[in-house]
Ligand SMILES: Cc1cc2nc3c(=O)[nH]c(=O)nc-3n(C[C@H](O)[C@H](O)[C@H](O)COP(=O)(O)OP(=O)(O)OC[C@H]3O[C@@H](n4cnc5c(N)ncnc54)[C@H](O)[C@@H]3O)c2cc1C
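Let's start with one chain on its own, the form predicted on its own, as structure tokens.
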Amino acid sequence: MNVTGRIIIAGAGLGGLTAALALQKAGFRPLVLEQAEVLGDVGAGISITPNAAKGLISLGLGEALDSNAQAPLQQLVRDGLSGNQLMCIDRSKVRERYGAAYYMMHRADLHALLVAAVLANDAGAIRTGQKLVGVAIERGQARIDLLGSPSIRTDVLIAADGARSLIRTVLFGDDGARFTGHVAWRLLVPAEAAPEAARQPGSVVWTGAERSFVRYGVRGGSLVNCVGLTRTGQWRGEGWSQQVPVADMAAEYAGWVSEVTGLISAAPGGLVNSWGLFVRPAAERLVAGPVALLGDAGHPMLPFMGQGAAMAIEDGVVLGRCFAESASPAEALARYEAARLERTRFIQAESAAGAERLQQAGPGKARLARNEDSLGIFDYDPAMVPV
């Protein structure tokens, strides 16, 4: 393929940067436009499951993952009220079984690794302060309208601009988001302020009626990442950056085991992040002319299987391979859609169904057995699947 055609990626999140790195590996020089003035994925903890890890390793980030992330030897599932163990998932043989480890790390650390790798290949590959305000397809190209700057035309536009994607809304249509009744809570607790039990390695999930809570260490165990998911009858806005008093979260987990309540009470500054979880219909297509949707822009996931970032990473790796193996951008985008549509629709559906499996009280062996391992999700290798 002619590698001189312009490829623009809208969004410098994990998916957009993975796509940029994969395209660079394929011999292209993509340009990433990011609306934030300063790069920095604030976030909190993130699970990099083996399917996503294989993609990152194929892009040369294997040693960086081993140096910056933790690989838990087990994952425990416990009852939130009694603390009784419901399941133990052995992760000691994950690398041998799936071809990559199951990593946990700070999201900002992964973001920084991707930024450094992309800029090492091309110091001008990322432009910040580029707010997208309009988009159109004209004469086979995409036109991008930027706030305070001239419009840009590009041969290929990759929309990695998140769940509330402007590009998807304008070019693909958006049937709207529906509040699921679920609310997410997030906090990072310094290890020295956490209950002693919470400083132990590995991850623990507590489950109960209409709520769940997970904790695991990041940055060498110096921080404990905590995520709570609850069901509510009250509408809550979308967007993970909203902060609320810790008392709001504490009330949701009243009566739960002391490790959970102790972590909540240790929230720095007495504040936690909380936001509503919204679901959007599964995409009927990921490509329109010279434009492709990637990550949450194409298939926003509920967090009950921890696969949102993993799907964006898979998308980026597969996209780069499609361009490397195609004779034209149109062929590359067609291959990308064919390779990713069924996979992402399946994960999207299973992630939504995961709430019902996870947020129940009582014995969990049967309902919890339908998980990432039993569904074969970790077997997928974005660096090797046919495109």
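Keep in mind it's a predicted model, so treat the numbers as computed, not measured. Residue numbers run from 1 along the displayed sequence.
Unshown form predicted in complex with this ligand; subsequent notes refer to it.
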- Name the residue from 113, 272, 132, 77 that puts a heavy atom within 4.5 Å of this ligand in the predicted complex. 132
- Identify which of 208, 290, 306, 72 has a heavy atom within 4.5 Å of this ligand in the predicted complex; exactly one of them does. 306
- Taking heavy atoms only, is residue 68 within 4.5 angstroms of this ligand in the predicted complex? no
- Does residue 172 make contact with this ligand in the predicted complex, using a 4.5 Å heavy atom cut-off? no
- Query: With a 4.5 Å heavy atom cut-off, would you call residue 106 a contact of this ligand in the predicted complex?
  - Reply: no
- Task: Verify the contact flag for residue 314: yes if a non-hydrogen atom of it lies within 4.5 Å of a non-hydrogen atom of this ligand in the predicted complex, no if not.
- Result: no
- Message: Heavy atoms within 4.5 Å of this ligand in the predicted complex: which stretch in 319-327, 44-52, 59-67, 342-350 meets that?
- Response: 44-52
- Task: Within 4.5 Å of this ligand in the predicted complex, which residues of 10-31 have a heavy atom? Give them in sequence order, or say none.
- Result: 11, 12, 13, 14, 15, 16
